[in-house]
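A single chain, nothing else alongside it, follows as structure tokens in the form predicted on its own.
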């Protein structure tokens, strides 16, 4: 509780770091903040072309099926890989002043989260333009799903950012790991095609539950499965507690290692 109070007292610093990251993300580029929408749309076009024209799939409105899973994945993947380098990137700040070190991964994940929220504007636009419509009762569950994913992403960022200070190769390993994790998550395919013998592995994947909850609300237009929603929230809390515990243990020698 003391740690939480201390982090809360530095909320202005978190806010400043988030604003700086959002402003600096596309600084100097011609299109600037529009890349927030262009980036996922271009990825959507590539994946849709591959899986609709080459590796054909029978999923109806595949572009929407893919989009509602891809946007949350981009947030989680960015938090995992970029969050790993967040503490090392702020080494000068760490050496100069005291502040709770958790502020750094928290601000990075929060900026990625805001980026995801803005990207959902494009998701809803595609839903409306395509005639798929919006299931308004299900939107009540979206904040819960988003909160569960945020906790999951923050826990992963706390864990990887602390370990990366001591083992810099982790930043590069996570790029490959994230790609493998994406293909082990039903983003570009339906879980029904997964062999039964591999289903226990898929159930252990926390992002499987998160993506399926998003897809229930935004694609299938129904309420998410409560068991899946509780699993996502529970796994998010577990990741956060584990990440926070590891971060507390390793942060003591950050200044020396950096």
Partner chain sequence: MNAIEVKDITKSFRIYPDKGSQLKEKLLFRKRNRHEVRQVLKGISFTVEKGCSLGLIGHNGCGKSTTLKLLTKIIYPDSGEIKINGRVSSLLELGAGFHPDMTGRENIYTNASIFGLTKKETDARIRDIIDFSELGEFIDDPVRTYSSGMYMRLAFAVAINVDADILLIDEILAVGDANFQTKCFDRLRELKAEGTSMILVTHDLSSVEKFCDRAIWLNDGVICREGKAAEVVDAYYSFMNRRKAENSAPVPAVEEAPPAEETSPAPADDADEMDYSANRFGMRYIEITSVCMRDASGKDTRIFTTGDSLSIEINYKVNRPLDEYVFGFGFYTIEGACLYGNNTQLDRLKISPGTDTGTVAVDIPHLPLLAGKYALNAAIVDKDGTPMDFYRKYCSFEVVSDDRSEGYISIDHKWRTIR
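Residue numbers count along the first chain shown, from 1. Everything quoted here is computed from the prediction, not taken from an experiment.
FYI, the form predicted together with the partner chain isn't displayed, but the following is about it.
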Answer key: of 246, 238, 22, 13, within 4.5 Å of the partner chain in the model of the complex (heavy atoms) is 13
One stretch from 86-94, 153-161, 111-119, 126-134 that, in the model of the complex, holds residues within 4.5 Å of the partner chain by heavy atom: 86-94
Counting only non-hydrogen atoms and a 4.5 Å threshold, tell me whether 6, 251 and 257 all contact the partner chain in the model of the complex. yes
Residue 167 versus the partner chain, in the model of the complex: is there a non-hydrogen atom within 4.5 Å? yes
Using a 4.5 Å heavy atom cut-off, state whether residue 99 contacts the partner chain in the model of the complex. yes
